[in-house]
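We begin with a single chain expressed as structure tokens, specifically the form predicted alone.
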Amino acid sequence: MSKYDDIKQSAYDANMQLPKLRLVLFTFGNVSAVDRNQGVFAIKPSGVPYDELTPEKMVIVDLDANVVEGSLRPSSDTKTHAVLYKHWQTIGGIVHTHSMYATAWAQAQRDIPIYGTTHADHTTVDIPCAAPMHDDMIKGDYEHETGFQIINCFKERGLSYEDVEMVLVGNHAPFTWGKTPAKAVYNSAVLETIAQMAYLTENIKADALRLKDSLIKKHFERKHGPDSYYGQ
């Protein structure tokens, strides 16, 4: 038994959802789960196929990305997760994938426009795409700097990470987060669906109009507003 068993299991369960939801190919993704009280998070080991994962193989690291427990190397994206956990203190889980449509928008260096109510059910703004990383950051501690690439994008745009739980990293791929690892995975699946819908929308009608403000407000508030009435 380990005092980290709960977050290992949580991280494992969340990671195993990625192939089921067709969000990853081979080992192209990872999920982490944080324990704020212990100041650590569990993350997928680097390069291990999903069908070989077990809860015991999850690696425990602290918020400075130092390995605390585990015999395997943690994900190569561990430092990015660590930066986000350290600076955004209400998130409980983070997902990084290279899902096809979200990654295509990231490679195009484009925000995903809010075209429909599916998008508005989850956020009231375009999904932001962080600008590609500067050369000096690339030459430095790359994965560490990726965390700040995301944080700086939100600061520059005046966005709240609690209101917008997803981002595209320019020329790279998406990251999502949530209060729990399960919510972060949910957001990753939603982002991929929104990205695909937006791509198809522009292919059907190149000059498609953005969703009007009244519908954005209605659909977001019926799920998240003070008088929300969606669900049980």
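Start at 1 and count along the sequence shown; that's the residue number. Worth saying up front: this structure is predicted, and the values here are computed from it rather than measured.
Omitted here: the form predicted in complex with another copy of the chain. The next part is about that form.
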property	result
Residue 123, heavy atom within 4.5 angstroms of another copy of the chain in the model of the complex	no
Exercise: residue 116 in contact with another copy of the chain in the model of the complex, heavy atom 4.5 Å	yes
Residue contact check: residue 38 to another copy of the chain in the model of the complex, 4.5 Å heavy atom	no
Exercise: residue 190 in contact with another copy of the chain in the model of the complex, heavy atom 4.5 Å	yes
Non-hydrogen atom within 4.5 angstroms of another copy of the chain in the model of the complex for each of 87, 152 and 180	no
In the model of the complex: members of 34 to 55 within 4.5 Å of another copy of the chain, any heavy atom	45, 46, 47, 48
